[in-house]
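So this first bit is one chain, no partners, the form predicted alone, shown in structure tokens.
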């Protein structure tokens, strides 16, 4: 493997027209890669902290590069730990989680390129995580909450095709997405197909269950599971009302996936949902757990969830993200890797999900270029995995 020669950082725009970081990392063997970081809009309070983009770029040039230059690029854990020590805070708030993650992703990508292996395969070998089968695509077809300018409280309405093939999944999702668009126009007019942050349609509807009714109608000829991300920390509704709504979703629409059904500190309410709905419903933590092994241990101790969202920018390094996956596997939880609402065209999350053997990956609807980049990378990976 080669040593680090240079790191250059600059500002680019993400999918919400906000500034983020792109890093170009160069190894002494001439390998040169780029990496950029996403940003969430519905953030958990316990996530690692990004800093102002200009400050993050300065930190990369003035602190991270001098500390890493000349070091072996392939020792991901040591390099990530070095950046954490350099930052010196619990939540990466001095150098910035965005600065650290951009470099961390670039390091693993450069090492994969230098080794001559596809990124997903390099991550699989580096992480030494057992693969638990194919990674299913979780497609957010109707957007609400903070991801859309409509009246829906629920942030995401998802379909999950029942197939192990990325190509078949993409084809099913595409068909359902087009069917759903046609139905929305017929029922609510052309404006109903305006899209939210993650490419899903963003119509204003009469209640929070109507999107599931529309999705059921659009997908009746396909084998899919359905789910929601409630992002309930942002919902002004009592737990009693929320539980009543979820009961109807499970009973009428056979809800398979239930993410963040209550606020981010309500481990007890999560446990209640898991006890009521059983293992057949994946009660999943996102804001509750924020890819943080300490928060995950608390959730396990209280038996609050049976699934977890994994987002690299919630914790700030690739090695810590891998450790979160390892811990979730030890607990027997379903693992779903995820994009963020403010994305770039960087498709790292697709390689990461396949590399660590995640059960699922959330990448939005098959619309908007930054989401399509992830779909297309999953298709490429499937062709490479022969």
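Residue numbers count along the first chain shown, from 1. Because the structure is predicted, anything quoted here is derived from the model rather than measured.
The same protein has a further form, the form predicted in complex with a small molecule, not shown here; the description that follows concerns it.
Undergrad: Quick one: of 31, 334, 42, 327, which gets a non-hydrogen atom within 4.5 angstroms of the small molecule in the predicted complex?
TA: Among 31, 334, 42, 327, a heavy atom within 4.5 Å of the small molecule in the predicted complex occurs only for 42.
Undergrad: Report the residue, out of 136, 295, 282, 311, that has at least one non-hydrogen atom within 4.5 angstroms of the small molecule in the predicted complex.
TA: Among 136, 295, 282, 311, a heavy atom within 4.5 Å of the small molecule in the predicted complex occurs only for 311.
Undergrad: Do residue 92 and the small molecule share at least one heavy atom pair within 4.5 Å in the predicted complex?
TA: Residue 92 lies outside the contact set for the small molecule.
Undergrad: Check residue 344 for me: does it contact the small molecule in the predicted complex (non-hydrogen atoms, 4.5 angstroms)?
TA: Result no; residue 344 lies far from the small molecule in the predicted complex.
Undergrad: Do residue 147 and the small molecule come within 4.5 Å of each other in the predicted complex, heavy atoms counted?
TA: Yes.
Undergrad: Answer with yes or no whether residue 155 is in contact with the small molecule in the predicted complex, where contact means some heavy atom within 4.5 Å.
TA: Within the cut-off, so yes.
Undergrad: Each of 117, 351 and 377 having a non-hydrogen atom within 4.5 Å of the small molecule in the predicted complex: is that the case here?
TA: No residue of the spot touches the small molecule in the predicted complex.
Undergrad: Pick from 317-325, 352-360, 64-72, 336-344: which stretch has a heavy atom within 4.5 Å of the small molecule in the predicted complex?
TA: The contacting stretch is 336-344.
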